[in-house]
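Coming up is one lone chain in structure tokens, specifically the form predicted alone.
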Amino acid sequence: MNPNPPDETAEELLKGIWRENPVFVQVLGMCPTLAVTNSAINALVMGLATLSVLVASSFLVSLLRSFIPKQVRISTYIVIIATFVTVADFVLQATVPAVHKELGAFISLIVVNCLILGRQEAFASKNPVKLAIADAIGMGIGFTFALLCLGSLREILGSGSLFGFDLFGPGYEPWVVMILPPGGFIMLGLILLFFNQVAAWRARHQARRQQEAA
């Protein structure tokens, strides 16, 4: 009997996108979430860089989990993550130098992103490669989705554009605060409020259905 049926892999893939979204639900990785989401392109590039590092490191940690001594597992995870972060840094510097310059040190700080290290310790080191990759892809897509939502909304409101393309013409008066640091806190707070309201509504709806079934 296959211990990892296809529906289990799909569940691990999908959970990070919405139900256990690393930013909107677990509130992880707040440093890049607030720092680089002043534009949609910065948010997208940071999200994809984090996704690639998360998938690659989860694959390697899961593959080597039986050979990594428990006493040095955290140090080993950090070395693995740092290696893939260096690769991502060089790739971005070669392909999108302008965006790489804007992101600056935040690319290197992917190494200490609690989302990546947390998934290695909590999941990849305890599960087979297939599930580890599915979990990493789901969490990475969820993280990228969250950053893109924040970056797009902040750029639209703060600059009147999206991915650098003007949306409203010269007559639009931008909310400059949205592309400044306070705008990140404001927008994130509003989105977290929305997610909390959705969770509360689902809990009430589920409780009502259970009462009706009883």
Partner chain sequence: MSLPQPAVPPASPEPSSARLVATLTVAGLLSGVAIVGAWQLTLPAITAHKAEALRQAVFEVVPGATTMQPLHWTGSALEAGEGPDGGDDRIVYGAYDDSGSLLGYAIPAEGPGFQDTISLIFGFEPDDDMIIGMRVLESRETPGLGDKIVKDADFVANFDHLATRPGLAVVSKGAKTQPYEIEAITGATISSKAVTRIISNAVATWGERLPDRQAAPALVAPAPSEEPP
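Positions refer to the first chain, counted from 1. Fair warning: this is a prediction, and the values are worked out from it, not measured in the lab.
If you look for the form predicted together with its partner chain, you will not find it shown, but the lines that follow are about it.
Open item on the list: Please determine whether Ile179 contacts its partner chain in the predicted complex, using a 4.5 Å cut-off between heavy atoms.
Closed with: Judged by the heavy-atom cut-off of 4.5 Å, Ile179 is in contact with its partner chain in the predicted complex.
Task: Interface membership of Thr76, its partner chain in the predicted complex, 4.5 Å heavy atom rule - done: Thr76: yes, in contact with its partner chain in the predicted complex.
Open item on the list: So, Val72 and its partner chain: in the predicted complex, are they within 4.5 Å at any heavy atom pair?
Closed with: Answer yes; at least one heavy atom of Val72 falls within 4.5 Å of its partner chain in the predicted complex.
Task: Any non-hydrogen atom of Ala94 within 4.5 angstroms of its partner chain in the predicted complex - done: Ala94 belongs to the contact set for its partner chain.
Task: Residue among Leu117, Val129, Leu109, Val87 with a heavy atom within 4.5 Å of its partner chain in the predicted complex - done: In short, Val87.
Open item on the list: Among the candidate stretches 64-72, 46-54, 141-149, 24-32, which one is within 4.5 Å of its partner chain in the predicted complex when only heavy atoms are counted?
Closed with: Answer to the contact question: 64-72.
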